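For reference, the chain that follows is the form predicted alone, supplied as structure tokens.
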């Protein structure tokens, strides 16, 4: 069997070695497509493979049509909105993610961005401390729980809202569970976003919601850019000189944001949440093990389609 590692943004070298070892022990051949610059390269590479490991790479209907022998795609990470699930199902392809493997890396980045915001982006002026500040975690999944764990070390007052997580599961971690997103934003000076991009959540982080936040509000987004209503965020930041927005998903209006809000806005050039050697290794090897388990044993535990 042939497995393709298709990563426009490559895994760390150590992770690639680990992934190859998993497959080679199972007698599978590994093909590597890194830093590709055109979709045609991807379409050529998928033609004879039974499995694909990806990161943020787009796997759409055209890719599924080209991959006649494909049985499984695994996204090394939690989010999977870069895969066309409907097309996958139509072509009888199983899609999986690797939940939890990147969680600590993303959480550490979120707290790093909070420190960066609190210290005025290290511009030499006097900043503030995170200790005693109210932090709201919007969605209390694997990443949210890690954010709470780390934030406790800073002495933050931690709140969370998650429509799908029982209050008891949140409060057992020493986190205060709130009843709505509106209540979370009204309460907390810092918000850390961890919601997925779905039809319900896209552009849901809008002017009305953000304007509920207290003075000197800071929004940290290490989730998905699609959940932000970018036009309304600009309007909010124009009206509220105290509001800061930091993210590792560059918005479409990055140039406008930089021009208007240079001291209150920051974005990394590329998505950085999982960009650690440890997260690369964890997610990549988990993806490899899931593929082997599926192809040999039929295990579909992490199937998302």
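Quick caveat: nothing in here was measured; it's all calculated off a predicted structure. Positions refer to the first chain, counted from 1.
Just so it is clear, the following notes concern the form predicted in complex with 3-phosphoglyceric acid, a form of the same protein that is not shown.
Residue contact with 3-phosphoglyceric acid in the model of the complex: residue 160 places no heavy atom within 4.5 Å of it.
Not displayed here, 3-phosphoglyceric acid is kept clear of residue 144 by more than 4.5 Å at the level of heavy atoms in the model of the complex. The shortest heavy atom separation between residue 133 and 3-phosphoglyceric acid in the model of the complex exceeds 4.5 Å. For the chain shown alone, residue 74 is not a contact residue for 3-phosphoglyceric acid in the model of the complex, no non-hydrogen atom being within 4.5 angstroms.
The contact with 3-phosphoglyceric acid in the model of the complex, taken as any heavy atom within 4.5 Å, belongs to 79 out of 112, 214, 127, 79. Partner contact region in the model of the complex: 271-279, out of 236-244, 32-40, 271-279, 255-263, criterion any non-hydrogen atom within 4.5 Å of 3-phosphoglyceric acid. Contacts between stretch 39-69 and 3-phosphoglyceric acid, counted in the model of the complex as any heavy atom lying within 4.5 Å, involve 55, 56, listed in sequence order.
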